[in-house]
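As a starting point, one isolated chain is supplied in structure tokens, in the form predicted on its own.
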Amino acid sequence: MAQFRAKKLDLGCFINIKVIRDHTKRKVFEQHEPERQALRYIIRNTSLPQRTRAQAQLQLTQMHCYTRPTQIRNRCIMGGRGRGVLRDFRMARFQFRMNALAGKLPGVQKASW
């Protein structure tokens, strides 16, 4: 969403629009997470009046979708691929294999036994 994206982006580190969008979603989620947690606490607190809880629930549903944790998808930092991404390296399996064989990943070796 353009409303969340920075006016000036350093496009040197991004591969395609999907990676830019994922980066934006991560930043927006990080900014709004305390507010979401507070609203969720109010909604689940049964000792509060029902009207207050309903208002909190309405506020939570009206928040932008980029503030939800389910919107974040792990993407490869090298190719932007969304499937087959290894969490530890944030790389797709093929990119991981190529970089490991080239010796660009410290501490990673091809298995031999």
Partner chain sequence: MSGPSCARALISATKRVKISSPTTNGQCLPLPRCTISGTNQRRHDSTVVEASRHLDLTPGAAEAPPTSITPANIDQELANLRLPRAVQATYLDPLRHPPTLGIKTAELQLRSYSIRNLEVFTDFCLRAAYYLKLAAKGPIALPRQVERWTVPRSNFVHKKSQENFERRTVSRGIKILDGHPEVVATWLAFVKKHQYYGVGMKANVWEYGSLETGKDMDAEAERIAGRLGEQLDLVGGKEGLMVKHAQTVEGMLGSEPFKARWGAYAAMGGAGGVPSAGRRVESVRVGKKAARARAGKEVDAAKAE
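Residue numbers count along the first chain shown, from 1. In this text, all values refer to a predicted model and were calculated from it rather than measured experimentally.
Another form, the form predicted together with its partner chain, is not on view; read the next lines as being about it.
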Quick one: Leu86, Phe89 and Ala100 and its partner chain in the model of the complex, is every residue within 4.5 Å by at least one heavy atom?
yes
Report the stretch among 28 to 36, 76 to 84, 50 to 58, 63 to 71 that approaches its partner chain in the model of the complex to within 4.5 Å, counting heavy atoms only.
76 to 84
I'd like to know if His23 sits close to its partner chain in the model of the complex, meaning any non-hydrogen atom pair within 4.5 angstroms.
no
Mark Lys18 yes when one of its heavy atoms lies within 4.5 Å of a heavy atom of its partner chain in the model of the complex, and no otherwise.
no
Suppose contact means any heavy atom within 4.5 Å; which members of 79 to 113 contact its partner chain in the model of the complex?
Leu86, Asp88, Phe89, Arg90, Met91, Arg93, Phe94, Phe96, Arg97, Asn99, Ala100, Leu101, Lys104, Leu105, Pro106, Gly107, Val108, Gln109, Lys110, Ala111, Trp113
